Structure formats: structure tokens, C-alpha cells
Ligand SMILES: C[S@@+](CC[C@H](N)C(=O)[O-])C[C@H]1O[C@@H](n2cnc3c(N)ncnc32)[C@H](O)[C@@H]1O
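Shown below, as C-alpha cells, is a lone chain in the form predicted on its own; questions about how it binds or moves come after it.
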Amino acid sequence: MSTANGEEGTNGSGVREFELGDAEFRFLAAFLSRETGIVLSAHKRQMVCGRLVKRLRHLKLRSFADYCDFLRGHDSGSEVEHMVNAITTNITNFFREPHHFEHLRRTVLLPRTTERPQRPRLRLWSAGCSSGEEPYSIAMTVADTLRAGDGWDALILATDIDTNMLNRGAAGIYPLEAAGNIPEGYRKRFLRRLPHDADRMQMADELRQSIRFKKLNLHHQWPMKGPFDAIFCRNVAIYFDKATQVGLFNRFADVLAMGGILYLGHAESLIGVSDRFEVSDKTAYRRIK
């Protein structure tokens, strides 16, 4: 989990080094909303200050006003990525909300095992994948359920706006204690101890080869067309306003196969937001149009 350090804005003597004024916060909030769709409410002001002071120091800027001017400049394109990496919060673990993975196995995967095409196709998407625990949980579920289905063309797309998190996910290396939520059978089959570091583990090659980690800003154009059999987008839409949510879920429906499943976070709902889905299970929605 990324958290803001309460002392980040100080110079070590308790005196605040950088102050984020009202005008500067409004500019940064509007800038982030325009670039990513993320909405920053007023109570996030200190968090924004705490997370961006390292960028000001790195750029040798004297104030948040200077940082805003820098973002307005024509040469600030690469800074957008650094800003987003600093601001976004990443909270994830393996098999978070385990009922979703059981639903995926029972509702999406098992019915496909009866198919007999020469090379059956399966496409799943983890949108807002953070450091990779979610797509690896999906990959373990797929590998276990389809173990008898040789020849499957099964791929998992894992996207996030935070490039630091994507790099961690692509490496597939995690602290050993992170494996606590992984079922024992999966731990034995899919995890590898690192020979030079007994406190860390790496995901098996078969899992890493089944996942494509890609940077994607959900607010921008999507290069993929689908169709996907299921999409996980959990605890992402809560950062968007309702109008952005309406557009996002409509785009998800467009790239989901008819009858495909959209998984949301426990605090998210499609009620009053989209009529293109019906409830399939707890925070699991089936595309119906």
C-alpha cells in the first residue's frame, strides 16, 4: 500500500519546506482528472503534498507554484508518468475477495472445458492490476481449472497506469509472507524460492508467460478490441466521478463478449451507472447488451 508520510513536506527541523496552496491544489487536481479521470477531493490535499515533494526536490523546484508551471510547459510529458506513479495508491494481495476467483472458475472457465475446437481461445483482463497479485491469482485459477485442456490459447492482459507497479508484476517476485492467501496446493505448484534470497519467491514460468503486463491509462484510447471473456476492474472506479464511470463501464461492455463477466470491488456497483449488465453474483456482472 502506498501511503503519504506526514513529515514529507518538512525540512527535518519540523518546519514545512513546501506548502501546497489552494490554487496549486486545484490546478493539480484538475490536471490529474484531465489526464487520468482520477478525482482528488479537498481532503486529499495533504496526501498530494506528501507524495509530490520528492518530485519537487528531484526537479530542484522551489515551490508547488513552480511545479504547476513545469506541468504547464511543453517539456513536461515525461513528468506526467512520475506524477501519476507518486499519487496513485496501490492496495492489493493474492486472491483478494476469493469469491471472485471461485466464480471465475465455476462460471467462466469450467463451462469452457467442454469445448472441442482445435485451439480454444480465452482472454481475460486485469484492469488496474497494480503490482500483479490479481493477474497471477487469475493465472493460477486458469492453469488449475484448464490443466486437462492442452492447446488452450489463453492469455491474461494486465494493465495499470503506474509503471513502477507494472515492473514489479512483470518480474513476478514477491516477499514470502505475501503467499499467505495463496491456497497451499497453488503455493507448491506455482511458487519458486529464489536461491539467493530465502525471503522472496517468484511466480512459475508458466504463469509469467501467460500474462502480458502493459501500461494503460483507462481514460485514454484502448489499443485492444477484445472480446474478453472476463474483466477484473476492482477498486478502480471509486476514484472516478459518475460521468467517468458511465463511460468506463460502457467501454468495458464494448470489449466484453456477450455473456462475459465484469468483476468490481466490494464498494462498487453498476446500479444507476450501466444497464448493459445483470447481476451474476456478489459484485460480478454479466454483459447482456
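No experiment lies behind these values; they were computed from the predicted model shown. Note that residue numbering begins at 1 and tracks the sequence as displayed.
The form predicted in complex with this ligand exists for this protein as well; it is not shown, and the discussion that follows is about that form.
Checked against this ligand in the predicted bound form, the candidates 91, 110, 173, 176 yield a single residue with a heavy atom inside 4.5 Å, and that residue is 91. Scanning 218, 104, 83, 207 against this ligand in the predicted bound form with a 4.5 Å heavy atom cut-off leaves one residue, 218. For the three residues 123, 139 and 228, a heavy atom within 4.5 Å of this ligand turns up in the predicted bound form in no case. Not displayed here, this ligand is kept clear of residue 168 by more than 4.5 Å at the level of heavy atoms in the predicted bound form. With a 4.5 Å cutoff on heavy atoms, residue 31 does not count as touching this ligand in the predicted bound form; it lies far away. For residue 161, a non-hydrogen atom is located within 4.5 Å of this ligand in the predicted bound form, even though that partner is not displayed. Contact annotation: residue 38 falls within 4.5 Å of this ligand in the predicted bound form, judged by heavy atom distances. Across the options 250 to 258, 54 to 62, 23 to 31, 231 to 239, residues that bring heavy atoms within 4.5 Å of this ligand in the predicted bound form belong to 231 to 239.
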